[in-house]
Each structure stands twice: as C-alpha cells, then as structure tokens.
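Next up: just one chain, as structure tokens, the form predicted on its own.
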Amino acid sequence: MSSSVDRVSRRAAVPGPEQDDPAGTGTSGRRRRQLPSGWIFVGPAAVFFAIFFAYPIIASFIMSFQTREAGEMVFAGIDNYARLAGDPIFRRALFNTMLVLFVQVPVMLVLAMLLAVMLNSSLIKARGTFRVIYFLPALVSLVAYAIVFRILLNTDAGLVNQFLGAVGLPEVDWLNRGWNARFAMIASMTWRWTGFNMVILLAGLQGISQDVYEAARTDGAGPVDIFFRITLPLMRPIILFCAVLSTIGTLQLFDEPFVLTGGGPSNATLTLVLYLYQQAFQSLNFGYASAIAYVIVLFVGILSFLQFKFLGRGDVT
C-alpha cells in the first residue's frame, strides 16, 4: 500500500504537459528559453551545409539545362541530355566505367572475401601482421599509388617489364595500348581496394557466433557446406554494403585513369567522371558537364536499387 502511495506522489510531482504551465515558468518554459542557444550551435553547420552542399546540387541541376552562348549561360531545355545520347565519347566513357564495375568489383570482392575468411581462421599464424599488410594499400594516397603504378608499368624502364624480360617473356606496352591500359587500371584498383573491403568483411565474419559453426559441425557439415550455407547467407548484408560502396566508388572513378593514362590511349581508359572533368574544366562546358553528373547520379540510384533488390532479399535477422 505504501509503495502505491509513493508512486502516486511521484506522478503528481512530475510537471504536466505544456498546457499545464501557461506562464512558461516550468520545464517547458526552460526548454523554450534553451531553443535559441540550440540554434546557435546548429546554425553554423546548417549554413555550411546550405552553402557547400545544397546550393551546388541545386545550381548544377539548373545548369544542366543551360548552355553557354556569347559568354552567357542560356536556357537550352533538354539539349544537353539529348546530346549525351549521340555522343560517341560519352558512350566510350560509359563502356569503360561499366567494364570496371562488372569486372573489377566482383573480382575484388571475391578476393576480399577469401582473404577475410583466411585471416579469420585460427589456423593462420600472425593474423594481425597479415591484416596490416593487406590493409596498408588503403592508406596510400590515391594519386601516390597511381604514380607508383605508372612507374612500375613504364614500357621502357618499368620494373614489371624488367621482370618479364628476366624470365624470358616479351615486354608489354602496358599504358599505350587500349586493353593493356584497361587491365593496368583494373589491376591497380584491385591492389588498392581489396584490403579495404577485406577489413569490412572480416569485421562481419567476427560478428557471427561460433555456436552456429559448432552446431553445423555437430550435424556433420563440412567446410564447403559451412561456407556456402552458413557464412555467405549470414554475410549477405555486409557483402551488399561493400558492393554498394564499390559501385558508387567505381562510378566516381577519376584518380587512377587521370594519373595513369590521362584517359588514353584513344579514350580507352576514359571514365564518366574524367569525361565530366574534361568538359567542365578543359572545355568550360559546364552545362554539358552538369548533365553528365546527373546521369551518373541516375546510374548510382538504379544500380544501388538493383543491388538492394537482389542481394538484399532474404536478409538473415
């Protein structure tokens, strides 16, 4: 009985809703007085976001419907988007970007998954050292590693061609022939990003309870069955996360082709963002470049939706 009386007393001591304190002298009044101070803290971030994020997004969208005539931007309707449909260089850039997306990204994720499983095994000694070694490329500057690959793959004095010559193989003109240059770009990206994805996948593997594996082994499941029937299904959300990140990164690919080959030879390594850069800052065609930017946004949205639809089905909860 005494506890019930105490609860009623405490309930009575709690201030009521705002309408119970019209003078604003209670808790609600103090909250109203604290509101301006809250905006003082949030205001700079809101202004920063509006100036450097929201305004450029809106301005570039408007600019995608404009073109430059006599030094001034004039409204051009959907001409920029219609021009993209018939632009052979844009189609070449789109092909190169999709080639990287559908070749490099799956290869990289498979390698990252294999490395993560290997480094998650208790059979491997010095796992911490191997994790650091595989993750180190992700810490290297994008421009620095692209320059290093450019030096390594130099036709005349590159270390790769010197090694090929030492073992009796012919030298390869890595950066001056179309498919060779594409392969060099894909190889350098795989070296750079496999360790990064491996760390994310390894964190996911370590989150799986060992009880699940012990139960499977008790039921007679082998390593292959455990990997395909337990590990992969439980890792699906993590794999989806890596796939979406890699897709967005590939559609924004710029540094590697810019430093390695400059988009050449004959636009063989030209990507969508590199073409956007050429149109905006070399040709000063900002309206057309803005249209390319929003086509990239459209591709990111479509591909991310498809990945969520097909890889995100049947998530394990």
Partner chain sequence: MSMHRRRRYALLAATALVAAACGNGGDGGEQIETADTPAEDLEANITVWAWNVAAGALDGLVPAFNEEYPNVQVTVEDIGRLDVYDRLTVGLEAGTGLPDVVAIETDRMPTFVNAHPQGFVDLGPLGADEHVDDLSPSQLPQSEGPDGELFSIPWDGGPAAVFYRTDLFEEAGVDADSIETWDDYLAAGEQILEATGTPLLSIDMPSDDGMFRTFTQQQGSFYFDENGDVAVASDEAVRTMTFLQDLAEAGLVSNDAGWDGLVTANISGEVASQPNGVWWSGTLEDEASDMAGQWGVFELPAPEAGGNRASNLGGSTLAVPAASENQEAAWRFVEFALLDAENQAYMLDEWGLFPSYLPSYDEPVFSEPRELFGGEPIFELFADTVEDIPEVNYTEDFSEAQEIVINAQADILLEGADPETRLQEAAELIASQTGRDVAE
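Please read these numbers as outputs of a predicted model, since none were measured by experiment. Residue numbers count along the first chain shown, from 1.
Below, we refer to the form predicted in complex with the partner chain, which is not included among the displayed structures.
- This chain lacks the partner; the member of 148, 226, 203, 73 within 4.5 angstroms of the partner chain in the predicted complex by a non-hydrogen atom is 73.
- Checking 89, 78, 216, 245 against the partner chain in the predicted complex, a heavy atom within 4.5 Å turns up for just one residue: 89.
- Stretch 176 to 184 is the contacting one of 113 to 121, 176 to 184, 229 to 237, 190 to 198, since its residues have non-hydrogen atoms within 4.5 Å of the partner chain in the predicted complex.
- Contact annotation for residue 37: none of its heavy atoms lies within 4.5 Å of the partner chain in the predicted complex.
- Contact check for residue 267: a non-hydrogen atom falls within 4.5 Å of the partner chain in the predicted complex.
- For residue 252, no non-hydrogen atom is located within 4.5 Å of the partner chain in the predicted complex, even though that partner is not displayed.
- The closest heavy atom approach of residue 51 to the partner chain in the predicted complex falls outside 4.5 Å.
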